[in-house]
Each structure stands twice: as structure tokens, then as C-alpha cells.
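The chain below stands alone, shown as C-alpha cells; this is the form predicted alone.
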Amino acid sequence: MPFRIIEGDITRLTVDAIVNAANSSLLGGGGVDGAIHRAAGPRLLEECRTLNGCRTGEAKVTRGYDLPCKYVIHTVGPIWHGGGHQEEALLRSAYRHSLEAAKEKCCESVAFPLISAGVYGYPKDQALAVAVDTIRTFLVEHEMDVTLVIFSKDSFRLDSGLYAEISNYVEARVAEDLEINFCASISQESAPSEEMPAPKRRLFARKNRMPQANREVATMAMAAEEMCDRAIDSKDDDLALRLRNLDESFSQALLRMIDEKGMKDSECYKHANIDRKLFSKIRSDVNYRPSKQTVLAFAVALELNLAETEEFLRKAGYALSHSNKTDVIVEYFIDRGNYDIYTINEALFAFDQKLLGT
């Protein structure tokens, strides 16, 4: 753990092993195969000549030579013939054999290209689904840092229906946030005056056409703000007392909720796509300050609803914001009860946002 998707050049990654989407001869070719051979130097081809090729769905290992990795794991993916010739089973086998080969070499980190999705013609969205599902299954039982390297966004395909639905959700939440903020800014004005500039009069008219629910939210927000101002100004506001009664920390809240959910620590950090070493730091340091992505990752792993997620974020000093695309996308999935962090991260990658847990 964890699993991440990145855009980049696999030959430049400093990992224990990279996977080569090779042909059955293992003697080099085009695409990723050719790029790896060029970057590794001629000694890679010399060793590959001793391996007597590789069957589709299997994998063989060589040294990395001039590459910034210890090993190259060569695997042969299937050529797409319409889907009725065991293509999916063979593609899963290619990923599985590669992961097992990395484990046998005691690799802690391995990087994959999207196997068979280039000249072999495997549909990119289906190739992605097979890759993620096979890697996910492996990581349930094993500790390994796995990266899926997409050479360019043109070779990445998120389900078009899901992409459109998330886009609409993001646009709606951003527009709603703008309306609420506008409503709050002019809510104390009961009617436009003659002295009010024409642009502001138009905005005032728009405010009165806004849904009643949005105006109520804005009014509540203003009331809460006024209460905070009064509390700050109050002579009874005893800072020392507040400091003596600090709320539980993020670390304390996380460990408490893991126990309340009846989860094992390993189950939680794996569902959160969090590295075991990072989780150990959080567990051992009551004052650990996590990133917002880490908090959201654990909120997903714990299957918190939106109100619980907001409260959990406050433990670390954060809040959900409709001006933050990552927050809105995560909110979209939580709102629908979808806590699959792999699917969430695929969506975040498609929208050029930082992934959770990684």
C-alpha cells in the first residue's frame, strides 16, 4: 500500500521494479517496450535473449541495468480480439503474475503501465478496470506500493456517464455556494434603495428570486457568525478554560472510531489507501497533523456520512468547501454511499485532482 495513478514516464520512476508490457519474444518492440529497452541499455536485451520468450499472461524478471529500478518484470498481455477469446482472464493473469514476481524479489514498490491498452487494442476503460481490480485484490493480502503509470491522459478513460454526472454535481455545488455567499452578503438589506448602484440592484433582485432554502442557509450562517462575534467580545470568554477543555485530537478520534466500527487497524488503513508506516506515525503521535487528503481517505474508509465527515475534518482543522473540486467530488461519492476509494481516486485523477491516501 498504497495504490496510485499518475501521468508520466515509467522509465524515470525510482521504484524497486517496473513492469514492461512486452511481446512474447521479449526482444523489444514499440511503445512502452521499446522505451524501456532504450532506457535500460543493450544489456537488457542480452539478458532477455536468455529467457526463451514468455507466454501471454505470464511474467519473467530481469535486472534493471541503466534504469533507476532494480528489476524489470516483463509480462505479455493479450491482443484484443473482441473480448470473446479469454482476453480478460489473460490480462488479469499478466497483472497477477507480475505482482507475484515482484513479491518473490522482495520488492516494496512496483510500477505498471496500462497493459494491452496500446497497439494490442484492449479498450482503455476495460483495461483500466481489470488493472485496478486485480491490483486491489492483491493488496488486500500484501503490503506493496503499486503505481499505475498513464503515459498521457489521452490513454485514460473514466466511464463517460460517471464523468458527466460528477461534472454536473460539481457545477451545481459551486453555483449553490456562490448563491449562498451572495445572499449572506446582502441579507441585511430589506429593499433596494435609489442610491444603490444599478448592478447591485440587479443582484438584489436575483437574491429575491433565489430558492427559499438557500436564503435560509445564508441567514443561519449569518446568525452563527454573529453568535461567534458576541462570544469573542464577551467578557465571560475565558481562553484559559477553553484551552483546558480542548477536544480530542485527530489521532484520538481516528482510533476511537476504528474501535467503534469494529475494524482492524490494517483493514482501516488499507481501505483508506494509506501506507502502514504513515498509520503507525498517526497512532503513536496524539498530536499528528495530517493532510486534508489523509483525513478524507480515513473518512471514506470509516464510511462516514457527510455530517460525520465534516466533524472529523474539524478535528484536524479542515472543512469541506464547495470551492474545492476535490472536496465536491468526495462529497458526491459519500452522498451516494459509495466508499470505494479506488473508484473515487480514478475520478479525482480524471479531474486532475490529488488522490486520497497516497
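Because the structure is a prediction, the values reported are computed rather than measured. Residue numbers run from 1 along the displayed sequence.
The discussion below concerns the form predicted together with a small molecule, not included here.
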| task | Give a yes or no on whether each residue among 173, 329 and 344 has a heavy atom within 4.5 Å of the small molecule in the predicted complex. | result | no
| Proximity to the small molecule in the predicted complex, single hit among 149, 158, 144, 258 (heavy atom within 4.5 Å) | 149
| Among the candidate residues 68, 317, 29, 41, which is the single one with a non-hydrogen atom no more than 4.5 Å from the small molecule in the predicted complex? | 29
| note | Testing 275 to 283, 134 to 142, 112 to 120, 159 to 167 against the small molecule in the predicted complex with a 4.5 Å heavy atom criterion leaves exactly one stretch, namely 112 to 120
| field | Contact test in the predicted complex: residue 21 vs the small molecule, heavy atoms, 4.5 Å | value | yes
| query | Wondering, does residue 35 line up within 4.5 Å of the small molecule in the predicted complex on heavy atoms? | reply | yes
| Within a 4.5 Å heavy atom cut-off, is residue 124 in contact with the small molecule in the predicted complex? | yes
| query | Is there any non-hydrogen atom of residue 17 lying within 4.5 Å of the small molecule in the predicted complex? | reply | no
